[in-house]
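Here's a solo chain for you in structure tokens, the form predicted alone.
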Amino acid sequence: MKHAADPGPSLADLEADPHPHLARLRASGPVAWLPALGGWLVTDRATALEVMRDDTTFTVDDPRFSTAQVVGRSMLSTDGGEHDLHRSAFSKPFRANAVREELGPWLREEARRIVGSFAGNGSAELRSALAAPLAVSTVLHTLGLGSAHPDQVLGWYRTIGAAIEGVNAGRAIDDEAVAAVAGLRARIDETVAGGAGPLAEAAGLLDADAVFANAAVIMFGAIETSEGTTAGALFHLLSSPEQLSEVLADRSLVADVVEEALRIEPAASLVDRYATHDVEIAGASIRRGDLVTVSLAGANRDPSVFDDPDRFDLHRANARQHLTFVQGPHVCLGMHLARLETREAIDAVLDLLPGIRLDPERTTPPRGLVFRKPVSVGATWAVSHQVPTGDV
């Protein structure tokens, strides 16, 4: 039944702590009509896969798609041949081999440069001191936008991100967001005009509007996913001293920390699709045009797949079955980069900040409706007379 008597959780409930609400909805069925969203919410892994893999029935190509309203049509908001063209124009630097071989050494050095810049302080808030600046510098380097000022780009990103969140919550795009989009567009157009790098190569296949829109969603996705994943991984790892000790003793476990952090709190919690025709899925009768929102957070804590799903467990054997990077045609272009970036950030922290521990007074757990990350991750550590800044 589409309009159930139980109104379900509010947007504020989902923003603060969605997990108990998602578990309650999932227990009643994997697809529920949620008045607060004005659409259907998918909360289990199997149905989430079914929806995300079927872009002919569940499309992103709809005027209501929030990101397209803010930056225009891109690989994120199109399907079929148009999507393939947008994606192929930007795929080269994000392939696994390119990330590992071409970006890997630079990324390791950059993570250590950033951590080294505050290692002598003995304390920091790691989301703002490390996760955010590393995410920004990495995507600027990858797209050939190295001349852009990271703080300015981060400001544009925060404003555009807030606008996308606002559209999802039913608010209009404000003047500040329009100005941020214009500023980013000018920087990207200038880089394309320079005639070299990934953006100029993409301009050989796409018009200027499409180059900008795709660069904007790549930058947004790269910053959001990587900042959230790095901050979340550090939050969960430092919140578990026993598991932190294990990782310090066996650094091969860093990759497992990253996968479990991706699972337990995906940086992008919800993805939207729109039904192209009437369809029944998991017992729900969905009508043409209905919004169908997939809760990646819900799918990642599906108890039929993940034992004790609310526990952060770096030894979880099937953590990689998470859906944080989506599946189907819209699988995340930057997933290899996001993983490597967070691994290098954790390694840099563990190498350069001896005796690191969580500072509960400066730490606030994750929150956010669509984009979730710790509000703050405070930490303290011992300071030696000589603080290493390079490889160890």
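None of these values were measured; they are calculated from a predicted model. When you see a residue number, it is the position in the sequence shown, counting from 1.
As for the form predicted in complex with a small molecule, it is not shown, yet the points below apply to it.
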Does the small molecule come within 4.5 Å of a heavy atom in each of 226, 326 and 332 in the predicted complex? yes
Can you pick out, from 95, 73, 87, 108, the residue that has a heavy atom within 4.5 Å of the small molecule in the predicted complex? 87
Looking at 112, 127, 83, 316, which has any heavy atom no more than 4.5 Å from the small molecule in the predicted complex? 83
Contact flag, residue 198 vs the small molecule in the predicted complex, heavy atom cut 4.5 Å: no
So in the predicted complex, does any heavy atom of residue 161 sit within 4.5 Å of the small molecule? no
Please tell me whether any heavy atom belonging to residue 262 falls inside 4.5 Å of a heavy atom of the small molecule, as the geometry stands in the predicted complex. yes
Heavy atom of residue 231 within 4.5 Å of the small molecule in the predicted complex: no
Listed range touching the small molecule, judged in the predicted complex by heavy atoms within 4.5 Å, from 332 to 340, 28 to 36, 42 to 50, 353 to 361: 332 to 340
